[in-house]
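Alright, here's a single protein chain in two forms, structure 1 and structure 2, each given by itself as structure tokens.
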Structure 1
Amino acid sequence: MNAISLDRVTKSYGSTVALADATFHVASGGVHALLGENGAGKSTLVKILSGIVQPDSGTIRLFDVEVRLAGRSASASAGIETAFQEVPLVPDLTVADNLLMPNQPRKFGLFLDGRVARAQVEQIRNDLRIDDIDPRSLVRELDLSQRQKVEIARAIARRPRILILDEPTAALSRSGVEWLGDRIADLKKQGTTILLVTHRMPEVHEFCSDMSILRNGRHVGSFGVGAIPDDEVFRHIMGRSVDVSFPPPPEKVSRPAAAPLIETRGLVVGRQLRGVDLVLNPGEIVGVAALQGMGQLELFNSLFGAERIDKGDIFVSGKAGHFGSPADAIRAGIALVPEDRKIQGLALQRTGIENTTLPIVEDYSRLGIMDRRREAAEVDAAFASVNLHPRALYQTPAEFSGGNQQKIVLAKWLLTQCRALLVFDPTRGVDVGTKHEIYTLLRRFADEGGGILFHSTELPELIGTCDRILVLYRGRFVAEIPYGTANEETIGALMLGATNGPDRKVA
């Protein structure tokens, strides 16, 4: 029996066709991967199955019964729960409140039954092994990985027949991915059908038995996992052969002596950073490898003026930097591609032009009058430099895929002509083709004399992209690894606190 059967499902937004006659099946009780580049129609399909969006035509059958999913409640009643990539939790409520919404136990149908609610939350924590997250914490106090874990736990706790996981590991830490693997194994034993939307082929091989591929809104094929090689999978996804290698670092060239773009001495931030010395030179990409919570977020935020420094000094091109706010950092030529692009990097309901000129909007104003023609022309050029369609000028980021949203964030900072770019997990939730574009863009930025501080949760990115990698452990850099001298195992061991490595010299 098929848990999900789609027959010629179509959805358009004006002239944009998001899904075009999509037809494929998901077998009951298995883990089925849904693959495709950003903009291929995956998110639209997830929203249709979740009852958020209604298809223009086509039929949907669940367990051989035709259904009309007219809203979220209809989808839930049909046995579908979705853990969304963008984590739609309520930030000002507690973890416990979010886990139980919208079905909190009530006394007399009016008042929250606190005793029963606490018991239910404790049962969820025990069953799903999330005892590392305090249920009394406000969601806004959690980091992105913890929020994603709560979102997944909330969906599983409702005991669905069909669970949709939308890029679940994009925001999870390494330990969080292991936790998810255990939950998937448990659900398979219970006969739950899982539709896993992902860009990461290792996860497909580890978790899934079958996969379906969308391209330009159309279903281009379904295969057993392992039935075709990964390079053929990529060709189906992209419609062309994809070079998944990293752009090589440039040959060493002699540059005129110049002060470091960014230098820190004894940087201390709260309990997370404990005396960090860092040098970022023109023309280089410096990686930061660290497990979750080792101080990397505080490092990036403090360099961008978004977190108060308790002790130490920052120098920008040889001059002392005093950052009371991100505006100070921007004026000093520092930019940040943040961890969560939708919350921290973009105003989703404003146009691409408005988002891109936001940091320097005063540059386009004279005597209070905006030069809209010049603004549009310069944003258009910035979009062209990141291979973004001109329609992004007047559409909102909410209308675009994750990869194109990230391109808007990058274009915004390129327009400021920043010299130091701090990028925090920039390819999270991005397809393989867009990833390669981002790697190439970062290398070009460095080749032109900029400097990049690059944190990624994917070690192959750091190994393949960075001129050198600094390993951060418990708030200190413990090793510096030059390009071409280390592998994932070596860096992983250092991230866990190993005391030996290929080169323990630090910046």
Structure 2
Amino acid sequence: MNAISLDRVTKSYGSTVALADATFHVASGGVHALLGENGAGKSTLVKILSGIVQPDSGTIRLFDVEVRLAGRSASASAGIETAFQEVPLVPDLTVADNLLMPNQPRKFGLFLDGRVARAQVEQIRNDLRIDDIDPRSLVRELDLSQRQKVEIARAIARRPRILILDEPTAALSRSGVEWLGDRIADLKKQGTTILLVTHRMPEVHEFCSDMSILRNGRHVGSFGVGAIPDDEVFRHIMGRSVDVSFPPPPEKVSRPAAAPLIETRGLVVGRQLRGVDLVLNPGEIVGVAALQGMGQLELFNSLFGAERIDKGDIFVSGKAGHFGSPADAIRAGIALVPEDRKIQGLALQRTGIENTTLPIVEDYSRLGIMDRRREAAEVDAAFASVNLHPRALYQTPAEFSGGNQQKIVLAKWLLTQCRALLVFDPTRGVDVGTKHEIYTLLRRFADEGGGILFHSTELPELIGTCDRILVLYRGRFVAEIPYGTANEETIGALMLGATNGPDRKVA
């Protein structure tokens, strides 16, 4: 039996066709991957199945029964629960409230029944093994990975027959991904059908039995996992063959001795950063490898003037830099691609063009008159360099797909004249065809004399692109690994605090 059957499902937004005659089936009890490049229509399909978006035409059957999913509650009654890509939790409520929403237990149908609610939350925490998050914390206080975990737990806790996960691992930490793997295994045993949207092939191999691929809103094929090689999968996803390699290793060029772009001495931020010495030279990509919450967020934010420093010094091109705010950092030539693009990266009311030129908008104005033509032309070129469709020029972030939001933030900094680029997980949610181009752009930026501090939750991309990797453990750098001298296991061990790894050299 099929859990989900889609027949010619179509959805347009104005002139954008997000889904075009999508027709495919998801077998009951399987874990089915939904693949496609950024903007292919994956989240649109997820929203249709969740009852949030109505298709223009087409039919949907769940377990062989035709359904009309007129709203979220209709979808829930039909047995579907979804963990969304852009986590919609309510930031000012507690974790416990978010887990139970919108079905909090009530006395006489009116007052919240606190005792029952607490018991239910305890049950969920035990069943789903989320003992690392305090149910009394406000969601606002959680980091992105924890929020994602609560969002996933909220969906699983309703015991759906069909669970939809839209890029659940994009924001999860390493341990979070393992946690999700265990939950998927449990659900499989119980016969739950899972639809998993992802850009990561290793997850498809690990978790999924089948896959369906969308391109430009069209279904281009469904396959058993392992039935075709990955490069063929990529070809279906992108409509062309895809280069998944890393740019060639950095050449050893001798540069005239220049002051480091950024240097820190004894940097302390709260209890998160406990004395960090860092040197970022022109021409370098320096990796920061760390497990969740080892101080990387504080390091990047403080270098960008977005976090107060308790002790220590920052020098920018040899001069003491004291940043009261990100505006100071931008003036000093430092840019940040932040972890949470929704909160820090994008202005939600503005178009793609306006978002991209926000830091340098004065450059396009002479005597108070904006040169809109030149602005649009330059943004257009920047978009092309990250494979972003020109229609994003005039859209607002609410209309972008998840991965395209990330591409806008990158395009924005490529246009500025910044010299030091701080990139925090820049390929999160970015499709397989564009990752390689982002690595190439980063390398070119460095070759032209810029410097990049690069944090990623995906170790292979640090190993493949960085001139050297610094391992951050509990707020201190514990090792420095030059290009080509270590593999995932050795770096992974250092990230866990191993003290006698090979190649260990304290920075």
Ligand SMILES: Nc1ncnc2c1ncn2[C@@H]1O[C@H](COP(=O)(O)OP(=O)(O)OP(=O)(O)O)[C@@H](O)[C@H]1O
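Rigid core here is just the name for the largest C-alpha set that superposes within 1.5 Å across the two forms. Keep in mind that what you see is a predicted model, and the values were worked out from it rather than measured. Numbering for residues begins at 1 and runs along the sequence of structure 1.
In this comparison the chain labelled structure 2 is the form predicted together with the named molecule, and the other chain is not. The rigid-core alignment places the CA of residue 210 less than 2 Å apart between structure 1 and structure 2.
Once both forms are overlaid on the rigid core, the distance between the two CA positions of residue 185 between structure 1 and structure 2 is under 2 angstroms.
In this overlay on the rigid core, residue 268 has a C-alpha that sits less than 2 Å away from its partner position between structure 1 and structure 2.
Lined up on the core, residue 358 has its CA atom moved by 2.4 Å between structure 1 and structure 2.
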